[in-house]
Each structure stands twice: as structure tokens, then as C-alpha cells.
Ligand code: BES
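Coming up is one lone chain in C-alpha cells, specifically the form predicted on its own.
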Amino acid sequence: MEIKTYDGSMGEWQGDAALLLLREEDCGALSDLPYAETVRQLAERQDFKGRKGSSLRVPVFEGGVKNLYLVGLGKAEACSAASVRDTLAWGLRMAGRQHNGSVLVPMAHLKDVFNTDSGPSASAVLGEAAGLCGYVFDKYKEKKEGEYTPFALKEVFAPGLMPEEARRGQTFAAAQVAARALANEPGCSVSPAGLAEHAGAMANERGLTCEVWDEERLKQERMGALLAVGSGSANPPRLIHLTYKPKGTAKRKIVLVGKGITFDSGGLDIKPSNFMTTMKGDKSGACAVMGVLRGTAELGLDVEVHGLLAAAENMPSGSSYRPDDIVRARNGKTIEIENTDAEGRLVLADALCLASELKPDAIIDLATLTGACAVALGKWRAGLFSRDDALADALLAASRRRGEAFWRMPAEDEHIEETLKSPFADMVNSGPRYGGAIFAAIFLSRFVEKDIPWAHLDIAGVDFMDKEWGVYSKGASGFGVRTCLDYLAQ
């Protein structure tokens, strides 16, 4: 999709549609608002009042515009760059599905929403919304004529556009879409080795380096926890190491670690069938890391970034790891297995050890780790756990700029820490029901050097959307990509 500047007057616009984002206070209040008289009359007739979540399509039979779309932002006091981004994506998606190939989006009347030095510009938000609105995972569906409605939108025009900012927004969006597309792929399509192939292809395309450790190398490298999780599958595990280095001197070195369970049956502690669907998305953390690396390379950031993807398929078989087994992680710590469905923290344990060995300035892991986090925060907000206030604050600020909701959770709790103890090993991999997300974060902390700032992003719940809303389509969300990319860009 192309985003272009439009310098003419509203009355001269020749295209398929015009899209107006309106707050309640805008309806009938601004004389310089595009199509102000039409908006005023519709407001008087109670057809459209700018309420949040409302929309109205007005067919136009004269002039150069075929359709006028009015989309409500709600009250001005509650309007933010994030709500504009979501609402704009919704409006563009609607226009694209209703056979509009070109849309004009005036946004000058919203300049006060973007009047801040710390937030994204209107042009950047437009680039993100345009890049995210049209994605849908339908590559395996038959496209029958008359039943399939293609997304028609190809051009978005905006008065006063800053092209560089818009392109930057599109880069953020493309990184998230890439993560979505890969996370949506079923387990029959993407195995651990298949994930490594995708990573290698992206590395070649974006100028990254990619090193893959197969099961033999994993044994040599003492990756016992990752090997245990993958032991029950015919598709052996992989450790994938992506590296981006800037052309000049790197200001910092950051390691991103992604959970890459390409399918999670639960292992011998098998999941109920209704909990097993969508488990193709248990690789969302690894896919997000790949998306961030892609965006980092495209933006040419002056930060050295490593992506460690711990990839395995958790399956039940005669060779599976078992409850009561004791496995040894890369740093020598032993783990008693109480639940084979608490596998994500095991593959991350080995990867976090390796991340620590790289001596970075910070480590960030992304993982669909615990249902407990989704229970605590719902399906629209992810958990952030960190022992480092500065890193946590920086990530939360990035998440606000990009409209991805995170909530900081405790990363330490002496009472929950007690439940990690095992009479037979250094720790257990699963604890009591209460505080499960905190238990998992404390478990992971045992594999990160204490002097390295570290944040754990638990994206369980937000990784998969049951329905479209805002910038999100149904299916894998790519949640966390834009937040981490924004953090690196700072």
C-alpha cells in the first residue's frame, strides 16, 4: 500500500473515498473541517455524533468522491494517538473491503492529539494503521469468484503528510505483519527446522547473520532443557541465533529471546482438546523476535541486536520427557519436571543462559508463557516482569507510544520463590496454581546473570485475537513487535 501527500483542496479530491475521524466535539463545531456542512447536518439528524465505535458510510453520487466514511473517536479528552491508530485502521479496513482503491484521510483537525515530543507523529500513526489494516491470514483458503472479497485499498492520501515518518510507520507495521504471518502458520507447515529455514531466508534478505544449532550441536552445547522438551517429537529442536550489526559503531548491545514452540500438545501432561487449538501460536515469541530483527535492519538502527529463538515441538511419545525427570540446563542448574506442559520456561532457560554469555546491555524475552498471565490481565494486555526499573520504564514508554498495552507485574516474591524448591534438584519447573505467572518469571530469572538488566514479556492471551479490533485481525497478533522495535529505536 502506498501513502502519498495530497496538496489540493478537499473539493478537488478525485478518488474512491474520504475518511474522516471525528471526536464528538468535532461534529458541527469546526468550520474548517473537511465536509463540515455534511457532518453538521448528519449530527443534527442524529445519524452520526462521533461516538467511539460508531461509523457511517455516506454514498456520494456527484463530484470526485464515491464514498464518505465518518468514524467516531469518542470524547476529545479520551482521544490519544493509540486510539486514533486503532480507529484509523478500522476505518481503512472497512473502506478497503468495500471496493475503495484510494482513500483520502484529512487529519489536521486532530493535530492537538499529536502535539507532543515524546509520541509518534500523525504521519507515523497513519503509516502504521495503513500497514496493519489489510492483513488477513487466508493463504490456504480457496478464492471462489463471487464469494471472496479482496482487499482493494492500494493508495492512502493525506494532506500535510511527512513521507519519511509515514515510511517509518510502515516499517513498524511490516515487522508486525511478518511476525503475524509466520505465527499463523500451522505446525504441519512450520516445524523447528522450518522456523530455522524462515529465519535463514529472512537473514539473507535483510543482511543479517543466522546460525542454527541442530540436535547434535545442542548436545555439545549442553542445552539439556531445550533437548528435553523436543525429545518427544519426530521434529527435533533447534536453537536459532540471528544477529544484526550496524554499519557504524553500535551504541548498545541488546539480546532478544523468543519462545519458539512450533506446536504445544502439552507433552505427556497433555492439554484438553479445546486448549490445544491455537497452539500453533506458541511460537509467537520467536516470530516476534524475527519481526523486530527485520524492522531493526530496515530502519538501520545503531544498536547491535541478537535474536535467540528456542524452537521445539512439545509432543507425547515413547521418547518424551516425563514428570519426575531431572534435566540439566546450560548453566548447570538442574530442574525437576513436575509438568511437561510448563515447557516454555525450559526452552527459554537454555536460551537465557546463552544470552547472558553474550554480555549484553539488556536482555528481553518474549513468550506465550502462562495462562495465569492471561487470567490476570485479560486478552488485551500483556505482562511485563523486570528487576530493572529503568528497563521496565523504557519498555512501558515504548508500549504507550505504539499502543500495545503492557502492565508491570512483580518479578520477585519471597513466598512464591519458596515454591521453586525441589528435594531432588535445584528447582522445579511448575508450582502451585496461585501466582503462576510470577512463578514463571522467577524461574526464568535463575538463568539470567544478575548484573544484566532483563525484562520478561509474557504475551500469553494477547498473541491470538478471536476477532478483529483496531489494528488487529483475527489470528496471530504479532503483539510486542512494535514496542520492542520502538525501544531499540530510542
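Bear in mind the structure is a predicted one, so any value in this text is a computation, not a measurement. Numbering starts at 1 and runs along the sequence shown.
Only in words, not in the display: the form predicted in complex with the named molecule, which the text now covers.
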Problem set entry | Candidate from S386, S191, T87, T370 lying within 4.5 Å of the named molecule in the model of the complex - any heavy atom | T370
Seminar exercise, completed: Checked N339, T419, S83, S356 for heavy atoms within 4.5 Å of the named molecule in the model of the complex; positive is N339
Exercise. Does the named molecule get within 4.5 angstroms of any non-hydrogen atom of M279 in the model of the complex?
Worked result: yes
For this session: Give a yes/no on whether K259 approaches the named molecule to within 4.5 Å in the model of the complex, heavy atoms considered.
Result: yes
For this session: Examine H109 and determine whether its closest non-hydrogen atom to the named molecule in the model of the complex is within 4.5 angstroms.
Result: no
Problem set entry | Contact of E185 with the named molecule in the model of the complex (heavy atom, 4.5 Å) | no
For this session: Just one of 402-410, 340-348, 123-131, 192-200 has residues with a heavy atom within 4.5 Å of the named molecule in the model of the complex, so point it out.
Result: 340-348
For this session: Taking the named molecule as it sits in the model of the complex, which residues of 421-460 have a non-hydrogen atom within 4.5 Å of it? Please list them.
Result: S430, A460
